[in-house]
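Before any questions on binding or motion, here is one chain by itself as structure tokens, the form predicted alone.
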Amino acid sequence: MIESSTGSKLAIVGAGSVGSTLAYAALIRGLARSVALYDINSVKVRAEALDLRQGLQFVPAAHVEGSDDVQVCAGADIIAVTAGAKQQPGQTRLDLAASTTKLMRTLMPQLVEVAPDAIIVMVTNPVDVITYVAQQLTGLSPHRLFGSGTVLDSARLRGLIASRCGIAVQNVHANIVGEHGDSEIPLWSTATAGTIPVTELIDEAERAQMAHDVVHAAYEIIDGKGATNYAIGVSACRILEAVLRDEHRVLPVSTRADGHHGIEDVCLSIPSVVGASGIERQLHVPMSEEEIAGLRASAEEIRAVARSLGF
């Protein structure tokens, strides 16, 4: 059985479907000795904490608490922020960003006050805009505050490639960069299945369909059950694990690009080395001219939304 990361404390902000699933995944993986859930809905957060506590016999040793008081996050080594405005039917991405930004203005300073040394990972949408907003509101270094980005999108793409090629998904190497959303860019030029370039195995039309399917992957799930939670829960847990276990793992997380392919002052997903200090460095992955152009266009879309919110 995996041992808990000795002495570490994980705080999860938001006890909704994503936050509670993330807490469950963290406990199963023995990720932290203490898991704290914070939500303004006192009845909900206490119920989630109670449900999790009743399963502690069957997971690596840990302590679970839940509260509507932000002090429950005090002293956290790492904080995952899953709280955000819920997108309503017909609501635009800009509307959603504005609602969540309003929430962040109050929340982020509180988190920094109670856990000044924590690494903070944003797991709320639109993640790239909200990560930039959170950085501006807290003044924290981009190394210490970053977003979940396209880690899940990349996993979705790898799954499609693996299924198509008949190999284990662990043997597929492919990344999606840019926005976690409609303008994201699959890096086909460096994607491999085993050691074989994906471009030699899958034709352009099929690759385009795969990229489309990744962008729209969540819609069927949301239509069927109202929200996505399992895949984002375990993928976010994987990011937290890279930090708490100092893995130096390469993940396409959302961070502020300062000069990457001429892109500056905007948060978007770039393959980065993630370890105990947060983002240790960004990797300048080779890209085709078309991919670079797409990444720059994606950056402009994210920047436009941030600027419209006053950031």
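The first residue of the shown sequence is 1; numbering continues from there. Keep in mind the model is a prediction, meaning the values are calculated, not measured.
Unshown form predicted in complex with a small molecule; subsequent notes refer to it.
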Which of 160 to 168, 101 to 109, 206 to 214, 191 to 199 lies within 4.5 Å of the small molecule in the predicted bound form, heavy atoms considered? The stretch 101 to 109
Even though the partner isn't displayed, in the predicted bound form is T82 close enough to the small molecule, meaning a heavy atom within 4.5 Å?
yes
- in the predicted bound form, I232 touching the small molecule (heavy atom, 4.5 Å): yes
### Query
Quick one: is G16 in contact with the small molecule in the predicted bound form, heavy atoms, 4.5 Å cut-off?
yes
Checklist entry - Wondering, does S277 line up within 4.5 Å of the small molecule in the predicted bound form on heavy atoms? => result no
Note: exactly one of V285, V273, I40, L56 sits with a heavy atom within 4.5 Å of the small molecule in the predicted bound form, namely I40
